[in-house]
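As structure tokens, one chain now follows by itself in the form predicted on its own.
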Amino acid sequence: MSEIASNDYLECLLKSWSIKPTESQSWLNQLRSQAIDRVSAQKLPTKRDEEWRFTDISSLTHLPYRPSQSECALQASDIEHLYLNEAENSLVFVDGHYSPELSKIVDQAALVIGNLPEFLSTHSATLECHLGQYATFENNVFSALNTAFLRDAALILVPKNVSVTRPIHLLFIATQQEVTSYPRCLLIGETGSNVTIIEDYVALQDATYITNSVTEISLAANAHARHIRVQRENTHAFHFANCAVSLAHASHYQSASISLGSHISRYNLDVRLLDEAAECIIDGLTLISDRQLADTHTCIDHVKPSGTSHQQHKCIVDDSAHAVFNGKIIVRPHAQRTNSSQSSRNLLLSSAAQIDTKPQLEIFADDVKCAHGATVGQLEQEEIFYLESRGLSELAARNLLTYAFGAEIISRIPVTSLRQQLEQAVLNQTQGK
């Protein structure tokens, strides 16, 4: 991709940018203006950039899709199958725009939950301290674009010592063709709080479009959050996502990211353990086929002592698909007594499938316990033979082993109905081969 083509693409996108006269929050307008300045100063990444060397997004220059419009003809009955039984609170966004008619909110007395503009006047100081402060856009053009077009956003603020027992479902639905949507999420967990959120991306049509999402999570001391992220858009879509997490003293962040859809997808996860005894557990599963490309980049940054992080990422790649995993763990000089591990396990189901994996450790402290490793391979013939000896056909044996490989990650998801949906999706894909 040439720099001229890249700049033309970004300039075309920004022509539609404007500040609505009704928006009086000067700090928010200033944030948008800073973002648009950074977009103007950057270009789309190419394979010449180290962080993107396996992911070619040059086709985007031919897709300068306009921002999506706030047009929604959906009824609750149209998306009944997408709701989760366990979730009392569901925030629904259609093509990046909040839909109050499709959303369900019952816990407003216990927590702050809803669409960002509703709280700009009542929670301005808190929002100014958090929004746009973690997912920085200095050197990230996709994060800058999302912030420049920031309008609606899922906001969840869990007050001090409040435990939300049932998961909160953030449902992002794509319906429009040849548009770009900019979903945004902000989770603020105050001291001692506990919450589970499900960030769910789905499509109701089979056309090409672009999703550019940003999620920011801030956990105060002793706060706990489970974050389940599911990307199951159609295989013509382009999906770019950035998630930034800030962890305070003894806070706990547990994440599970499942990537099944999109023609090209890229997920950046940055977790910063900013105080002592912070902990994160990161699970990931990529299951792709045909000519899909799924790229996952993670960075776990240990800044203070006694932090703990454990990460396991799995890829199952079939046909001519291409999966990328780059996982970096940084242990800063003052982060003594860090305990960190990282595992990248990858399964190739065809001779044309491709996986590029790169686990990284950057350790600047001497009293640490760190380990990482990566494996890439095919199904073991001995395991296939064992199952055949028990009466299974070769195809059934392969399907069962492939399913078991992915189900290890899915089985850790604590939401039963979502777990069953994902297990069925994996089963359907393995049996389909």
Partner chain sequence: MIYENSTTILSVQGLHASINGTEILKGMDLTVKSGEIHAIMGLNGSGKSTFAKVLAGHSAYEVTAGSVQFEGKNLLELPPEERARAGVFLAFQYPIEIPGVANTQFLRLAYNTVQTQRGREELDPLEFDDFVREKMKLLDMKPDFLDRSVNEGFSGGEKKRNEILQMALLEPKLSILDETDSGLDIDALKIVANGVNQLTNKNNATILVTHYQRLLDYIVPDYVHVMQAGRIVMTGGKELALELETRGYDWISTNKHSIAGEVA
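Everything quoted here is computed from the prediction, not taken from an experiment. Numbering follows the first chain given and starts at 1.
As for the form predicted together with the partner chain, it is not shown, yet the points below apply to it.
Enquirer: Decide whether Asp49 counts as a contact residue for the partner chain in the model of the complex under a heavy atom distance cut-off of 4.5 Å.
Expert: Asp49: no contact with the partner chain in the model of the complex.
Enquirer: So in the model of the complex, does Ser389 come within 4.5 Å of the partner chain, heavy atom to heavy atom?
Expert: The answer is yes: Ser389 has a heavy atom within 4.5 Å of the partner chain.
Enquirer: Can any non-hydrogen atom of Glu394 be found within 4.5 angstroms of the partner chain in the model of the complex?
Expert: Close contact exists here: in the model of the complex, Glu394 approaches the partner chain to within 4.5 Å, heavy atoms only.
Enquirer: Heavy atoms within 4.5 Å of the partner chain in the model of the complex: does Gln381 have any?
Expert: Yes, Gln381 sits close enough to the partner chain in the model of the complex that at least one of its heavy atoms falls within 4.5 Å.
Enquirer: Tell me which of 62-70, 26-34, 394-402, 39-47 has residues with heavy atoms within 4.5 angstroms of the partner chain in the model of the complex?
Expert: Flagged stretch: 394-402.
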